[in-house]
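Below you will find one chain, with nothing else, as structure tokens; this is the form predicted on its own, and questions on how it binds or moves follow later.
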């Protein structure tokens, strides 16, 4: 009987605190809504979906002066041939019903040959894709850089060790924003100038943005790798060497697999931070999620809805990565 009373009391307290949680959450939402009423803000959630996907009107315009000499249906659409005094051109319209001209018509440059509607990704979807792309590439290169720098950090070779220390301390001791500026305005200017002098195509800003994220994450990954390797008992290395393994073989087959299980949780936290840090790339004209949201807010004057949606999208990205890392932890970490 006494145990049942204790269980009931615990259940009562548990549900009480659940009620407190939802009550505080509802109070916060209510206060926010009440504040918007005071400043006469009109919520327009119905306008948000168009920034994910919208139906665009595509116009096919003539770029030469000439006559429409033929209109022929094909499997890819309707081929409209325009012949001018000195040249000719062909235009593909998806369907006959979209045509705005007939055979024998005379068209001028800029005249509409056909028009049709097509679904296109909105700015929020474009920004989300860019954020995913730069984050994934930055994480991949960050792991590689961090692994190399971490192994160099514990190396007995003084050149490798000191260069690793210099790299780690410089990167960790300066803000990511400053590093992005250096990569884009300093290194980017030098590299693109050299490429231009050689007649080669210049690199777009996204390359320098990914490089700044990768080198920034690599410094932190290096320290995580170093701590993970040094957390393995020294006897493991000695036992592997006594079995005839070289240092590289012992590190590859004995030390690193054990260290990986220990460094996985802090790596997850670093990767989640990298996704959020990618929001700084908007300052160098990379249209990631935050910059895309800022552009939409400027034109639509809907800051409340769009910034809430932006935060929710970042939450979905980071929560998804967190769930993936938890799955890897359950699979690979042996407690």
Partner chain sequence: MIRVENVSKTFFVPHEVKALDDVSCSVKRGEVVVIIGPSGSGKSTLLRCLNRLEYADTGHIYIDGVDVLDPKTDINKLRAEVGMVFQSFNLFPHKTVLENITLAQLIVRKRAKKEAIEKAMFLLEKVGIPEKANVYPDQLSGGQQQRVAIARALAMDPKVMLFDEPTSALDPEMIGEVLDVMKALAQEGMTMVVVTHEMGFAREVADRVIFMDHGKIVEVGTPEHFFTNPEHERTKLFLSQIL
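It should be emphasised that the depicted structure is a prediction, and the values quoted were computed from it without experimental measurement. Numbering follows the first chain given and starts at 1.
One more form of this protein, predicted in complex with the partner chain, exists but is not displayed; see below.
Chemist: Out of 254, 171, 99, 123, which one falls within 4.5 Å of the partner chain in the predicted complex, going by heavy atoms?
Modeler: Only one listed residue qualifies here, and that residue is 254.
Chemist: Among 179, 192, 258, 130, which has any heavy atom within 4.5 Å of the partner chain in the predicted complex?
Modeler: That would be 258.
Chemist: For the chain seen here without its partner, which of 71 to 79, 90 to 98, 244 to 252, 145 to 153 has a heavy atom within 4.5 Å of the partner chain in the predicted complex?
Modeler: So the stretch in question is 244 to 252.
Chemist: Answer yes if any heavy atom of residue 238 is within 4.5 Å of a heavy atom of the partner chain in the predicted complex; otherwise answer no.
Modeler: Yes - in the predicted complex, heavy atoms of residue 238 and the partner chain come within 4.5 Å of each other.
Chemist: Any of the heavy atoms of residue 234 lying within 4.5 Å of the partner chain in the predicted complex?
Modeler: Contact check for residue 234: yes, within 4.5 Å of the partner chain in the predicted complex.
Chemist: Determine the residues of 173 to 188 with a heavy atom within 4.5 Å of the partner chain in the predicted complex and present them in sequence order; the list may be empty.
Modeler: None of them.
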